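First comes one chain, alone, set out as structure tokens in the form predicted on its own.
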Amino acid sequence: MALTTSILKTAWTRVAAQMDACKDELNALDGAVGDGDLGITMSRGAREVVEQLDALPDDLGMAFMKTAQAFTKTSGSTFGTLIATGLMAAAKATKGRTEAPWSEMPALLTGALDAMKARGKAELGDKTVLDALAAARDAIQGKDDPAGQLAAAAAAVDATLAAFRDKPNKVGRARIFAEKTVGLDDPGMVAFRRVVDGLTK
């Protein structure tokens, strides 16, 4: 079994439902340190992707590219741009293929992480979604089944949230609030955790 466009469609359907369910939670978290629209960004973006699912080609790279384009269609936010950037990195890595083995997921996450770091001008340790993404990537190394990868990723992101909770955000709008962010979870990290929740269902 491997990642295919068919599985990608199922994944996005689940993620969209999860984003609808946690929209208010993410908006509230983001409202404490930013614009308060993260839940809207994730919900609208995921829903737009779902609207395009029937048109996704079997070429996995092209499918990833179309999901990136769809996600940004309804959101011009910084976080939405980062999500699209990660998806475009996955598109580049899987271009011309109809499937990708689950053992390749760490490499795909590494590519997404590198692209998102460059686009967002952030580094690991800045208390952003990148820290959660890196933790998930590290946790799934050596695992080649999706259920095991998701369980490991969930535990790793939970641990990362706990580790960064008492640290300040160092980039983006949250940086302006500095010490106010100490004791708060980073909204982007929580959003990524909710994506994992959606994929697990």
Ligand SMILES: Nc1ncnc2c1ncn2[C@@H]1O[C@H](COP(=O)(O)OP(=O)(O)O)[C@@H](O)[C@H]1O
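Because the structure is predicted, anything quoted here is derived from the model rather than measured. Residue numbers run from 1 along the displayed sequence.
Keep in mind the form predicted together with the ligand is missing from the figure; the text below concerns it.
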Segment that reaches the ligand in the model of the complex - one of 158-166, 145-153, 36-44, 51-59, heavy atoms within 4.5 Å: 36-44
Looking in the model of the complex, any heavy atom of Thr78 within 4.5 Å of the ligand? yes
Look up in the model of the complex whether Met189 has a non-hydrogen atom within 4.5 angstroms of the ligand, and give yes or no. yes
Does any heavy atom of Ala28 come within 4.5 Å of a heavy atom of the ligand in the model of the complex? no
Counting only non-hydrogen atoms and a 4.5 angstroms cut-off, does Pro106 reach the ligand in the model of the complex? no
Judged by heavy atom distances of 4.5 Å or less, which residues of 81-102 approach the ligand in the model of the complex? Leu82
